[in-house]
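Below, in C-alpha cells: the form predicted on its own, a single chain.
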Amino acid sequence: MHQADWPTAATALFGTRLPIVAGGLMWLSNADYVAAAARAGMIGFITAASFPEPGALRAEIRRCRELCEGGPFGVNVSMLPKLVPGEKTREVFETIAEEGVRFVETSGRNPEAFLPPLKSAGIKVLHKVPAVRHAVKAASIGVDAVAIVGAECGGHPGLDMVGTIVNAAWAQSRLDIPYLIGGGIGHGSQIAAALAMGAAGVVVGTRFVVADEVWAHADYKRRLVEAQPTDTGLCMQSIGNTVRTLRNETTRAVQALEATQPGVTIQDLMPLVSGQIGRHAYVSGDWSKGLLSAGHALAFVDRLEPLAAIVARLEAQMREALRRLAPFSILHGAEARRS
C-alpha cells in the first residue's frame, strides 16, 4: 500500500498515493498499462471485455499482479444495459474473485445482483455512471464508491449530458459515499478543483491513451496529439447509447444514417460500429474508421511519453493550483482571526 500524498477517501479505499483512477479503456487496458498505473501511484483496471475467454482474463490478471510490484489494481466489467442470453458476466466476476482481485470497476447496468458475492469475496466496487441521479441509485444499493463521467468524456456520456464541473459540485450534496469525477480531466488544476468541490478523486481516460505503456499504434497516438477537443463528436443518440469519439469517416457515416433513417437500430449500425473495427485502428494506426473513444481532454494531450511522466506533470500542476490558492487561504485566515 502506498503512502497517500493527497489523502482522500479514494486513496484510502484503494491504497494509492494519488486520488487518480486510470479508467478502463476497451482493448487497451491490459496488464502493462494497469501495472504502470500502479507503479505511478494510481489504480487502473484491466478491461475484462478485452479478454473474452476466461482463461485469457485469468492469465492477464496473474501477469498484472506480477508487474504491479505490490501496487493495487482491479478489473473493469462493462455490462450491457440489459441481461442478454449467453452473457457471461457472472462467470467473469467468479474468475475475478477466484484470482483474489480486490477491486472492480462496473458500468453499464445496475450491479446490485452481483454485489452480495463480490462483497462476500472482500471485493470493493467502484460503479461508473453518466449522471448524478444514477450515482445516487448506486449508493443506495451499496457500492463502495461511484465515478460520475460528464458530457466531456470519451466513450459513453449518457443521455443527461451534464458537464463535469457541475457534476463535481452537485454530487457533493447528493452523496454520502466517495465519488470520483471524470470527463475531460487531463490537467492537474482540474484534479485540485474536483477535490475542492468535494470529490474524492478523478477518473482519467483520454489523457493517458498516449502513454508508452498503451499498446495502440504510434500513428493513432500521434493523431490524438494533433487533435483538439473540437475533433470529437457525438453519435448513436438515436438508439439511446450516445458515444463521444474522434471524428472520422465512421462517425460521419453513423451521423448520416441517424439523420436520414428514422428508427435506425443497433443492428443497422453494427457494420460501422463493431468494436473489432475500432480495435483494428489501434493495431494499424489508421484512425479513419471505427468508433474511437476520445474526450475533451484532448486539449491536454501533447506528446507521447511514459505514463509516469504524464502523472508527474499532473502532480506538478496540482501543486501549482494549490499555490495559486494560497493568498486566498491567508486572507480567509485573517478574516477568521478578526471575527
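Note that residue numbering begins at 1 and tracks the sequence as displayed. Since the model is a prediction, treat every value here as computed from it, not as a measurement.
One more form of this protein should be noted, the form predicted together with a small molecule, which is absent from this view; the next part is about it.
Enquirer: Is residue 57 near the small molecule? Define near as a heavy atom within 4.5 Å, in the model of the complex.
Expert: Flag for residue 57 set to no.
Enquirer: With a 4.5 Å heavy atom cut-off, would you call residue 185 a contact of the small molecule in the model of the complex?
Expert: Answer yes; at least one heavy atom of residue 185 falls within 4.5 Å of the small molecule in the model of the complex.
Enquirer: Any of the heavy atoms of residue 25 lying within 4.5 Å of the small molecule in the model of the complex?
Expert: Taking the distances in the model of the complex, the answer for residue 25 is yes, it comes within 4.5 Å of the small molecule.
Enquirer: Please run the contact check for residue 199 against the small molecule in the model of the complex: heavy atoms, 4.5 angstroms, yes or no?
Expert: Answer no; every heavy atom of residue 199 is more than 4.5 Å from the small molecule in the model of the complex.
Enquirer: Taking the partner as it appears in the model of the complex, which of 134-142, 257-265, 148-156, 234-242 has residues with heavy atoms within 4.5 Å of the small molecule?
Expert: Going through the listed ranges, the match is 148-156.
Enquirer: In the model of the complex, which of the listed residues (246, 204, 211, 75) lies with a heavy atom within 4.5 Å of the small molecule?
Expert: The residue from 246, 204, 211, 75 that makes the contact is 204.
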